[in-house]
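Just one chain follows, in the form predicted alone, and it is written as structure tokens.
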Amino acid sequence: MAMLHIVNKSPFERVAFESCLRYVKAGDSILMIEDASVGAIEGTKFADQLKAAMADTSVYVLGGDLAARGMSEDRMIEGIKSVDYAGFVELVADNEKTQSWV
């Protein structure tokens, strides 16, 4: 059963991001929205954990939220896919379950 894990809190302020990475399973997807979008940037202390998860997990970021925080997609970790709101809806529809990490 594939699950979409939606994280909206900054990995630098809350533990939701790390908790998500501990519980995500092979075949699941992670979507970083709102303040969590900064976790998609290369070179942060969470980059290695996220890269390890990407071995068997699809990772997405809401591009508009990343841009709203002054970050450009060219700074993202390689392999993370940027989606818009239509892509967000598609991810929800494509997964059997969703888990919001707050």
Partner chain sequence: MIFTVMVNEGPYQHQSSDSALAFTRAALAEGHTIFRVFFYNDGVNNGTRLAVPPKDDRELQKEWSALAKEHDLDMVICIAAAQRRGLMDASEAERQGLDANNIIDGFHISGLGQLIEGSIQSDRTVVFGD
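The structure displayed is predicted, hence computed values, not measured ones. Residue numbers count along the first chain shown, from 1.
There is another form of this protein, the form predicted in complex with the partner chain, and it is not shown here; the text below is about that form.
Enquirer: Any chance K45, A55 and A67 all have a heavy atom within 4.5 Å of the partner chain in the predicted complex?
Expert: The answer is no; none of K45, A55 and A67 reaches the partner chain.
Enquirer: Is there a heavy atom of F12 lying 4.5 Å or less from a heavy atom of the partner chain in the predicted complex?
Expert: Residue-level check for F12: no, no contact with the partner chain.
Enquirer: Is there any non-hydrogen atom of E73 lying within 4.5 Å of the partner chain in the predicted complex?
Expert: Although the partner chain is absent here, E73 would stay clear of it in the predicted complex, with no heavy atoms inside 4.5 Å.
Enquirer: So which bits of 64-88 sit within 4.5 Å of the partner chain in the predicted complex, heavy atoms only?
Expert: D65, R69, Y85, A86, F88 sit within 4.5 Å of the partner.
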